[in-house]
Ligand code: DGI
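Only one chain is given next, in structure tokens, and it is the form predicted on its own.
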């Protein structure tokens, strides 16, 4: 079992102040959502602390990790390099920190989402979206929804993400579309 306090110290030492604040905000938010929805507090804290473990690595370092772990990037990840840290971070969490597959998936899908997400995956995705340092149009609506209905918060967050990507003329990962469609189909 990984000692959360030691992991926090490593993060403070290894990351920029801004990134560390984001990670710790995500951890706090994840713990709140776990208390609300019955998730395992240790597991959500661990995933929140590890979700951006490779985020500050440059593109060349990300590609080196891909090679090291045998990661084959899909087209969206190739065209939107900001997505790669979720994939490499999940592998670092698995191979270096020894997390299990549930935690691997929560870290892996914290940027794109996917259809039929587990409670842990939703908590990490939403925590990353609404932690206290986040400030964007609609974040307060997602925060309010997260305290009432996690699926509604996911729908709002995914819709916002997709609209943002359309405005920026960026590729939308098929997992993001799949996550959104899955949640809306559940409502029908």
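No experiment lies behind these values; they were computed from the predicted model shown. Numbering follows the first chain given and starts at 1.
The same protein has a further form, the form predicted in complex with the ligand, not shown here; the description that follows concerns it.
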message: Going by heavy atom distances of 4.5 angstroms or less, which of 45, 55, 155, 143 would be at the interface with the ligand in the predicted complex?
response: 55
query: Is every one of 29, 119 and 126 in contact with the ligand in the predicted complex, taking contact as a heavy atom within 4.5 Å?
result: no
- request: Answer with yes or no whether residue 74 is in contact with the ligand in the predicted complex, where contact means some heavy atom within 4.5 Å.
  value: no
query: Looking at the partner-bound form in the predicted complex, is residue 110 within 4.5 Å of the ligand by any heavy atom?
result: yes
- prompt: Does residue 19 make contact with the ligand in the predicted complex, using a 4.5 Å heavy atom cut-off?
  reply: yes
task: State yes or no: in the predicted complex, is some non-hydrogen atom of residue 170 no more than 4.5 angstroms from a non-hydrogen atom of the ligand?
output: yes
query: Using a 4.5 Å heavy atom cut-off, which stretch among 36-44, 64-72, 147-155, 126-134 contacts the ligand in the predicted complex?
result: 126-134
- prompt: Can you name the residues of 74-98 that have a heavy atom within 4.5 Å of the ligand in the predicted complex?
  reply: 80, 82, 83, 85
